[in-house]
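One chain comes next, on its own, written out as structure tokens in the form predicted alone.
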């Protein structure tokens, strides 16, 4: 009896390679777009500071400075050169980790950012985790009880939360958990390396306050897309074949329905990072947002430019990573 040799379907390997290369091309396009946006935003960031009416030399020297002193200080700062030359020099130094020096404190901007950035990353990471857990659970529960009381309740709560600013929720949390129950600190910050438990306690309320709006958007998008997906023929067919509800949900429906929710997360995580100024102010957290605000109040141009550049870079990296994950793991994006 002759053995049956399985002959691979013509073009199968090519199709698989094409699919992977297609995802790689998508990521490459995102890289090119990210680099373009970075150059545009970094130039805008530098130009806004360089073209502002504030004269750094006059601000540093004070009211008693003479025109000759101001001219000499402008030359020392490099502000008497053309704008494009200033920008190219600044960006080149930034790629080496040199973001300049504060005009008022003489502290390197990179050192100030290194000290403040972990605060923002910690808040953003915890807030994103809370948003995914809360929003994902609420969206799935509402979809599985479509039209029921739970579905209507989740929709109503999410509609309310999406209109309440995070700092308002933060104030309520401080009143309840700090002033009344006295179980969480009302402000301050302890680094993770010093005391992980206290670090979590310090960031719990601000992260939770920031996460609720994003969680509400995730829940609404996931609920809507999952309800539609559960009515698809392939989901009904899987249920008829006797597959468990859990397997149908996790292996078939959720994977195809999570695209809009991931899209919301792609936009929401950078928004958390760049919009935490009121929250840091309320909870007295020494993050990049508060550093930028304080520098803007005293017109410290190098610090403003450095913090904005770091914020823009972090936002673009988050968008790139989340966009690549969205393109890789959702069937709609691959198609």
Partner chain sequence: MRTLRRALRLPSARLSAVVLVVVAVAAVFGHWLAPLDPLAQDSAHVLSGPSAGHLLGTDGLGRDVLSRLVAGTSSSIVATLEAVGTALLVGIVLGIGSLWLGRGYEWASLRFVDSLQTLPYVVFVVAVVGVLGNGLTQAMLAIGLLYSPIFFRVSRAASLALLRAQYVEAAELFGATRLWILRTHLWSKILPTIAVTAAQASAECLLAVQSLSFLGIGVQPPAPTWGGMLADDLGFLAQQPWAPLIPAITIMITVGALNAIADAISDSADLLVVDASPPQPGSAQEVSDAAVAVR
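None of these values were measured; they are calculated from a predicted model. Residue numbers count along the first chain shown, from 1.
Although not depicted, the form predicted together with its partner chain is the subject of the following passage.
Proximity of residue 236 to its partner chain in the predicted bound form falls outside the 4.5 Å heavy atom cutoff. Put simply, residue 68 is far from its partner chain in the predicted bound form: not one heavy atom of it is within 4.5 Å. Residue contact with its partner chain in the predicted bound form: residue 286 places no heavy atom within 4.5 Å of it. In the predicted bound form, its partner chain sits within 4.5 Å of a heavy atom belonging to residue 165. Note on the partner interface in the predicted bound form: the residue among 133, 160, 197, 250 having a heavy atom within 4.5 angstroms of its partner chain is 160. Within 4.5 Å of its partner chain in the predicted bound form, a heavy atom is found for none of 126, 226 and 231.
Looking at 90-98, 198-206, 172-180, 237-245, the stretch with residues near its partner chain in the predicted bound form, meaning non-hydrogen atoms within 4.5 angstroms, turns out to be 172-180. For the partner-free chain shown, nothing in 238-258 comes within 4.5 angstroms of its partner chain in the predicted bound form, judged by any non-hydrogen atom.
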